[in-house]
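One chain comes next, on its own, written as structure tokens: the form predicted on its own.
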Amino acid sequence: MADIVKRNSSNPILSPGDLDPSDENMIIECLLNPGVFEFNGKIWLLVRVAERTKQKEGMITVPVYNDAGKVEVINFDLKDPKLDASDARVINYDSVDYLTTISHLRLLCSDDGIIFREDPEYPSLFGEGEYESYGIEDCRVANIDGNYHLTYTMVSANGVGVGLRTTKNWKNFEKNGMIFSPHNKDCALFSEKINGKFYALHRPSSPELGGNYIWIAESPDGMYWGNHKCIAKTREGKFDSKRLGAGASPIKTDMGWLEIYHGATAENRYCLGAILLDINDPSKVIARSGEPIMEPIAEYEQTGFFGNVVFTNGHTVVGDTVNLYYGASDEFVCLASLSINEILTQLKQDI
């Protein structure tokens, strides 16, 4: 299966310069893969906005969120022997890691799905409390019975886990805390219950034994999860040879649940693939693409903050068409479309 998506001629549809920083002390570094949903007749993006602090001479400054969700800036003297600033992304001071950038989630809406704007009535979402002090990232949105479930990555010095917030109106949110403990991310809920149960794809990580694989779990209430099963592993020599993780909520089709996922090589080249799950028991894999359905071949996908990356966790579906919103080179938000039937036709050959 070759790259089968049709890229929108307006790409990138969002760039860092299109938005204002969240705070006067911050600078937007990049925009990343948004969660996507429909609400009040519009298409909405929940964009991950990564920011860094304005630096001071002779210092390195890092941002953290306090319990109220406000940015606090911590200053470190570059000459301090307790400071290890050898990594531009993560520094260490006195045995504690700090991120040099911090992410929040920005709401934008559109009438046509291409031109997006902020609506001041709908606030941005920021990290709050100890387990979100280094920000919140990579949100997936599932509309289950009229209640929007936001699963996202919680980042702190304690590790990386999956958080859950729910809302009906996008102005008031119920915070449900961490539902998958560290190290875990890439959590996508199914958009409907199956045999009375909630289902979720997620990715625990094991650096010493096992790997970065896609798992599935089930829940009676969407809060407490069990019966975890590993359903997709890395494959030597393939586009997903080093790690893989779920994209957005699986798409329900006549052949089963279709999940568009990301896979990466050891060289950190990120592509998209597809996996088909049984309609009644999604822990059973029916088929999986042997080759990527999307590769980083456009210039804006190859060159940016972190090049050779296409990464999605949000889409809309109109008939046979998936409108795929994705992050390109960890800097831009882009749009592409592809045919569900074309994916399924190819997957039949891979069964």
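Each residue number is its position in the shown sequence, starting from 1. These figures come from a predicted structure and were not determined experimentally.
Not pictured, yet referred to below: the form predicted in complex with a small molecule.
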{"item": "Among 284 to 292, 53 to 61, 22 to 30, 301 to 309, the region lying within 4.5 Å of the small molecule in the predicted complex by heavy atom distance", "value": "301 to 309"}
{"item": "Listed residue that, although the small molecule is not shown, lies within 4.5 Å of it in the predicted complex (heavy atoms), from 240, 138, 259, 132", "value": "138"}
{"item": "The small molecule in the predicted complex: contacted by all of 44, 106 and 174, heavy atom 4.5 Å", "value": "no"}
{"item": "Close approach of residue 315 to the small molecule in the predicted complex, 4.5 Å, heavy atom", "value": "no"}
{"item": "is_contact(residue 185, the small molecule) in the predicted complex, heavy atom dist at most 4.5 Å", "value": "yes"}
{"item": "Partner proximity in the predicted complex: residue 270 to the small molecule, non-hydrogen atom cutoff 4.5 Å", "value": "yes"}
{"item": "Touches the small molecule in the predicted complex: residue 330 (any heavy atom, 4.5 Å)", "value": "yes"}
